[in-house]
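Okay, here we've got a single chain as structure tokens, the form predicted alone, with questions on binding and movement later.
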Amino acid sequence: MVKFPSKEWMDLYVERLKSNDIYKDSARDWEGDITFVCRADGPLKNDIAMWLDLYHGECRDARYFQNASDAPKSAFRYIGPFGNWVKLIQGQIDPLQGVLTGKFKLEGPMMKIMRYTKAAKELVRTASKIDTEF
């Protein structure tokens, strides 16, 4: 079991993402990095960030930031409180519905994301397959 959020969780997530053929296919034309920001909430005392360099269905690089403000500027930022990240990873929140209902905030061109809804769902499905401790 791996604690979320942590560098160990992110590393395992990237490993699983790299072996997800459905993600690779659905994101084969995707170009752009994304930062997942987990806002302090409940047991999480500070905002953390996970930055992923995603390109044509591959994760070329990933970095974990104990302080979200240290993360580089990225094409997209997916932001939500810790409690909502727990629900997202457990499959209780759909990633796009989370934005539409205000549980998450998405910074970046929404029209681009809408063309890759299957890839977005695979990002979350991959996370849900990790034996995670919250």
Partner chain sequence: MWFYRSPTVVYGDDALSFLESIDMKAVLIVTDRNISKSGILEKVKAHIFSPSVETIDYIKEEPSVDEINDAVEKIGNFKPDTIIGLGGGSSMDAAKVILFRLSRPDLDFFDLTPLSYLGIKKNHKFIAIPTTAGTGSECSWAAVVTDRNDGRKAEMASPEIMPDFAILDPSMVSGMPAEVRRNTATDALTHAIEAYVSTWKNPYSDSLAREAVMLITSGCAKLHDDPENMEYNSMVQIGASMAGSAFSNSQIGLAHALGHAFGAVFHKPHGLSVGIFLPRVIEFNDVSCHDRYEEINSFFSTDLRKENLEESVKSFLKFMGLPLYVEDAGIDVDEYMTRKKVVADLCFESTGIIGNPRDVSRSDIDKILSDMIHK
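Owing to the predicted nature of the structure, the values given are computational and were not obtained by experimental measurement. Numbering follows the first chain given and starts at 1.
There is also a form predicted together with the partner chain; it is not shown, and the following applies to it.
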- [ ] Taking 4.5 Å between heavy atoms as the contact cutoff, choose which of 28, 45, 60, 73 touches the partner chain in the predicted complex.
- [x] 28
Task: 2, 8 and 17 each touching the partner chain in the predicted complex (heavy atom, 4.5 Å) - done: no
Task: Residue contact check: residue 40 to the partner chain in the predicted complex, 4.5 Å heavy atom - done: no
- [ ] Report yes if any heavy atom of residue 106 sits within 4.5 Å of a heavy atom of the partner chain in the predicted complex; otherwise report no.
- [x] yes
- [ ] Considering only heavy atoms, tell me if residue 97 and the partner chain come within 4.5 Å of each other in the predicted complex.
- [x] yes
Task: 4.5 angstroms heavy atom contact with the partner chain in the predicted complex for residue 90 - done: no
Task: Members of 115 to 129 lying within 4.5 angstroms of the partner chain, judged by heavy atom, in the predicted complex - done: 115, 117, 118, 121, 122, 125
